[in-house]
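Next comes just one chain, in structure tokens: the form predicted on its own.
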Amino acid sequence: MVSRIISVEAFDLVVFGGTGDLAHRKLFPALFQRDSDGQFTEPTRIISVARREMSEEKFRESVAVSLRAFVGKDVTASPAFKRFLERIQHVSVDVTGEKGWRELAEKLAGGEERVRAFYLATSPELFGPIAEQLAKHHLVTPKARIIVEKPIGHDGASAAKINDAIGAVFKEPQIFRIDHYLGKETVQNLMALRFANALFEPVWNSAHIDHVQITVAETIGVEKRAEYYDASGALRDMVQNHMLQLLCLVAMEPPSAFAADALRDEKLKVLKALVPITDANASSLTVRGQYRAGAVDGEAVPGYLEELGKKASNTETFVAIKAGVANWRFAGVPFYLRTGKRLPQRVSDIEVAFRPVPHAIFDGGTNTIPANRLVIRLQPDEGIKLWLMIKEPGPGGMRLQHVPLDMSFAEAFTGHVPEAYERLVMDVIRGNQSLFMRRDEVEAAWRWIDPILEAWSRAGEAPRPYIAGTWGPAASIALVERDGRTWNEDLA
């Protein structure tokens, strides 16, 4: 099977932070793939905005280098290569001052009738000032949209302040708060699996589901993000946005329609139903960790403090949480979340663990029959596995075996499978907000996260150490095992 390509109307995309890592590693390669597949119509333009002075020729050369690095060395042979580079322009702008805004306005002149999208690939403290400058220089047209990356604030109060600043210039339907996890093919297939098949929804509740695990594991350390990460930590960086969004998609009620607000209304209900974690229960429901020197993939790696260049830090690089959803569908079903850096594998998946059979008719008893599990793999090797019990072939009695029905995206779909940013940017141009967060979602997530941060701060305990290349502190294993469960080890 191959995907169908539906072209979008001509647009101007203005990328603030156009010389940065996100733009070159993700955005420009994603845009090239969409142009290569014929999704752009003329006269689409991509305008980079950054403080750095650079000629358009030099900037295009830098984009070409990025395309060869992140799309493939043979990218220059593509018929779209030259066309894509010709779409790109660059202007140097001081986003908090006056320099360069007139030049940006001149470049955009004449395209007022087209979709005009402003992508803010910058630090969050610049979101508000950029929005204000766009309004001041009359660059916000009726078909303008603004795209902001996470994190939106470092707590609920700062998130509200940023949302107020953006909302003073753009209406809510014009604001696209991007979470690239929601653009992943498998995440969307979770919705298809639940709501387009009669098989799962009748058993998608506490009567049949024992627990849910969500794992987002990274093998890398902080790399070039040390300053940001030390002020953020794993809870703000991963749980508040990515992982809570995944939890919402698992736990939400069926929406009335596959429409942006219908979907987001149901996700909001889940966020509001999360069982609070406060000083009273944070120590029993959460685990913080920080990696020490060890080995990942057979290579020795330094500890967090060595990478940071500090003697001490109270920032967590690992979090495990036992969360609960207080509603009729999932009351009593634990949601185990874990995420961390310098773990043994780079993997993101969701496991829905069903309850065991109530009575075993085969030799060995109920305890010998593993329960059914549905595993949705987000990365790498996107796919879905449904673990079932079957009879092992051959004579000699009823010997049972636990095997997966395995659907690999790479095998099921030929050709290029679009990356998350490819899909999300095209949805912005179409004005489709289904995979983007609404303001009340962001703020509801912070209302659950803030008390956890406050409880940790008041407790004054340092993160538990764990050796790089392991699955986090021993306490994270105890978090699950004291409930008589184990973390999913089928991560290969």
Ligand code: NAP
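Counting begins at 1, following the sequence as shown. Note that the structure is a prediction, hence the values are computed from the model and not measured.
Missing here is the form predicted together with the named molecule; even so, the following discussion is about that form.
Only one of 334, 156, 221, 151 has a non-hydrogen atom within 4.5 angstroms of the named molecule in the predicted bound form; which is it? Contact with the named molecule in the predicted bound form is made by 151 alone.
96, 345, 206, 314 - the one with a heavy atom within 4.5 Å of the named molecule in the predicted bound form: The residue from 96, 345, 206, 314 that makes the contact is 96.
I'd like to check something about residue 17: if you look in the predicted bound form, is any of its heavy atoms closer than or equal to 4.5 Å to a heavy atom of the named molecule? Within the cut-off, so yes.
Would residue 67 sit within 4.5 Å of the named molecule in the predicted bound form, counting heavy atoms only? Residue 67 lies outside the contact set for the named molecule.
Using a 4.5 Å heavy atom cut-off, state whether residue 475 contacts the named molecule in the predicted bound form. Judged by the heavy-atom cut-off of 4.5 Å, residue 475 is well away from the named molecule in the predicted bound form.
Any of the heavy atoms of residue 126 lying within 4.5 Å of the named molecule in the predicted bound form? The answer is yes: residue 126 has a heavy atom within 4.5 Å of the named molecule.
Choose one stretch from 320-328, 86-94, 371-379, 352-360: the one whose residues place a heavy atom within 4.5 angstroms of the named molecule in the predicted bound form. That would be 86-94.
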